[in-house]
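Heads up, the chain shows up twice below as structure tokens, two forms, tagged structure 1 and structure 2.
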Structure 1
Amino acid sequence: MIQFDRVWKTYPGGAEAVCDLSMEVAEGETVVLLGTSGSGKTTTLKMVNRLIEPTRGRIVINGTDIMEQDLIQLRRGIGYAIQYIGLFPHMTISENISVVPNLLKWPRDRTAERVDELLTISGLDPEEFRERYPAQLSGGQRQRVGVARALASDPPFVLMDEPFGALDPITREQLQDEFIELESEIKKTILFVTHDVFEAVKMGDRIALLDAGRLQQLSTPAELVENPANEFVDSFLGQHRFQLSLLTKTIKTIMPELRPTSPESGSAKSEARLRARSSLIEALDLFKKTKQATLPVYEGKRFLGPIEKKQLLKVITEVLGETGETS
């Protein structure tokens, strides 16, 4: 768990980058720090691994104030990945990923095994990429290595500062999906910075929206979109409200009457299945792809009931009405 307790950061020039920030990132949770450029996201993140020292307040990790922990040990226990990646150009991919395991004096074969494992789950063939140099990789591949390096020693905490920010939209989405997939297995406590509200909604269990160094709202993506805490949050979401609603509303939220007790209907023979936690966008996509009029909804392996395309479209029209009024 990471706790911020009334944290302030004022830079020597007088810029108040972070003002009176209090929040918690629970174990295994991903909290996204969201905000426009200059809102204090990077400053907040870097205070956790003490690349920047707070002016006032406490940050507690694992129950201990970070200022009381050994600086080097603290950092070695926290994965760190940034937009500009910062791969070591003179080291091979394998050497880059091995940096922290080597600092922690892991045995050689364990490190080598870990490198191959990480390359594999990052979608990079170890045989092909292990001995390459960063200059011989594409931007997307480099960023995968950057993330793999941050995870190398399997740290319980990970800090990520716009890690996919420099990528083209397609590669970016691919890496986001891969990371969500990976994250669901490793369950780390993650603080993730982005200025992109869609990325925030996609990656975050909760979103911390910052403005001018002040926390505006800390809530789940759905809550943020449904119930903006103030004018600022409302205008920040702005014209994206409709799309965001389709992303954050799930089948379950629009059809609360679905229960595992519902008897299986004919349409359940369909190969294509929706999940109770699928977003409306995902549902719409699946209807488009399968061209079916009804799709079965499952929660895990249990069948909940059918949903009709008509039903979905009706809800979407309603959402359009709601979000149209507010924006």
Structure 2
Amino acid sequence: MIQFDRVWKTYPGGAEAVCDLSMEVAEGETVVLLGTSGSGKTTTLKMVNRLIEPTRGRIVINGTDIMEQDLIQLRRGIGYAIQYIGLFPHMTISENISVVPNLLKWPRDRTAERVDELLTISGLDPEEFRERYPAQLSGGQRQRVGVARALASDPPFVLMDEPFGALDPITREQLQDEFIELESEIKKTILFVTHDVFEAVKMGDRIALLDAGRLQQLSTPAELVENPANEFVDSFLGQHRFQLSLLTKTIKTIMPELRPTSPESGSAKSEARLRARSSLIEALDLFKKTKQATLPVYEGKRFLGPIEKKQLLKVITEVLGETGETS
């Protein structure tokens, strides 16, 4: 758990980057820090591993104030992935991923095994990519390696500062989907920074919306969209309320309404499948692409049941009515 207890960051001259921030990030939870440029989200993130130190207040990790911890040990226990990756160009992909395990003096065999494991779950064949250099990879592949490096020592906490922000839209969406799947397996406590409300809604268990260094609302994506805490939150969501409503509703949240009764068969054995965390928009898009009437729904590798296109359209029509889009 990460706890912020009345945390401030004030720079010389009196500029306040973060003001009286109190919140908790539960074990295994992904909290997205959302806001415009200058809102304090990256400063908040960097205070956790003391790249920036708080002016006052306390940040507590698993019961211990970070200011009482050895700085090197603190940082080695926290994964860190950034927008522009920061891979070492003179090192191979294997060497880049191995940096922290080597600092921790892991046995060579354990490190090599971890590198191959992370490359595999990142969708990169170890035999093909292990000895390549960063310049030989695409932007999306380098970003995968950057995330793999952040996870290399199996840290319980991961900080991610707009990790997909520098990618083209198609690659960005692909990596978002891949990370959501990965997240269900690795069970890390994650702080994730973005300025994109759609990415925040997709990636976060909860969203902390900041403005001028102050926390405006901390809630689930659905609560944020449906019950803005104040005028700023309402204005920040802008004209995207309908799209966000469809994004905050996932297949898993409507599964009880679908009452799946048939066993895994037919469409469930096809390659096209929906994730439990797929939004209604993503589900509708997959139905359109595959032209199927029914698609299987999976949570990780576990089959949850089928969903019919007509059932999905019924739920979307209900959302349209709730948001007034049918009038």
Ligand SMILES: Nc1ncnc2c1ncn2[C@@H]1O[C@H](COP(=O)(O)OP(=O)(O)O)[C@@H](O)[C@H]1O
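Superpose the two forms; the largest set of C-alphas matching within 1.5 Å is the rigid core. Residue positions are counted from 1 along structure 1's sequence. In this text, all values refer to a predicted model and were calculated from it rather than measured experimentally.
Form assignment for the chain places structure 2 as the one matching the criterion, namely the form predicted on its own. Comparing the chain between structure 1 and structure 2, the hinge between its two rigid parts falls at Ser245, out of the candidates Ser245, Thr120, Ile180, Leu51. Domain motion between structure 1 and structure 2: the smaller of two rigid parts turns 27° against the larger, based on C-alpha superpositions. In the rigid-core superposition between structure 1 and structure 2, residue position Leu280 carries a C-alpha shift of 3.1 Å. After superposition on the rigid core, the Cα atom of Val315 is displaced by 5.4 Å between structure 1 and structure 2. On rigid-core superposition between structure 1 and structure 2, the C-alpha of Phe303 is found to move 11.3 angstrom.
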